[in-house]
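Below, in structure tokens: the form predicted alone, a single chain.
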């Protein structure tokens, strides 16, 4: 599903590459944690997968395609297969829960009758079926993150990328978000999640890819944070 071959990414002004000669092979349906200190390369790893960044060297395959060879007009099609969740939610403040989730389908041209069916279903899945008419400022942080996850998953993507999705949440709320991501993973969606949360990683015991100063220093099935 995801493959990195000798991938290096450098940013101007930095002493070391953000990612250095990275190799990884992630199968369909896996749940993978990316761990490591700030600046270790976790966010760069994620941004490379949906072509927010381009590698300086190496190749990246997503869903069997060498994304480095994709023409620019095909990038939106790639991103339809990739949902993304962030630490800061990135919700539209003047739109309701329903409208925020609907927007993800509107931008890819889904017909109105499909949106009308899929949005309530996904809101129910994330536990917000009774808050579809609420605005982001009327929701707790955990509820806002659930909206973000609903928006990322409403198109049933092959891959869900999550960059510190529990970073702004209290521990109990974070557990609820992880249960939701686990449920989504069990539908067959591949989940790649960058996190600093040792407790979550140690509890879930999924595959762990650890980065340090741009290098992959550990790749362990059913790992812990360490």
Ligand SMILES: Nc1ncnc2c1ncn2[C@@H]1O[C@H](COP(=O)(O)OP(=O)(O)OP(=O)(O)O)[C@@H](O)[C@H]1O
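This is a predicted model, so every value here is computed, not measured. Residue numbers count along the first chain shown, from 1.
Beyond what is shown, the protein has a form predicted together with the named molecule; the following relates to that form.
The three residues 18, 41 and 47 all sit with a heavy atom within 4.5 Å of the named molecule in the model of the complex.
The partner is not drawn, yet in the model of the complex one stretch among 32 to 40, 54 to 62, 168 to 176, 154 to 162 has residues with heavy atoms inside 4.5 Å of the named molecule: 32 to 40. Looking at residue 196, you'd find a heavy atom of it within 4.5 angstroms of the named molecule in the model of the complex. Though the partner is left out of this view, residue 14 does reach within 4.5 Å of the named molecule in the model of the complex, counting heavy atoms only.
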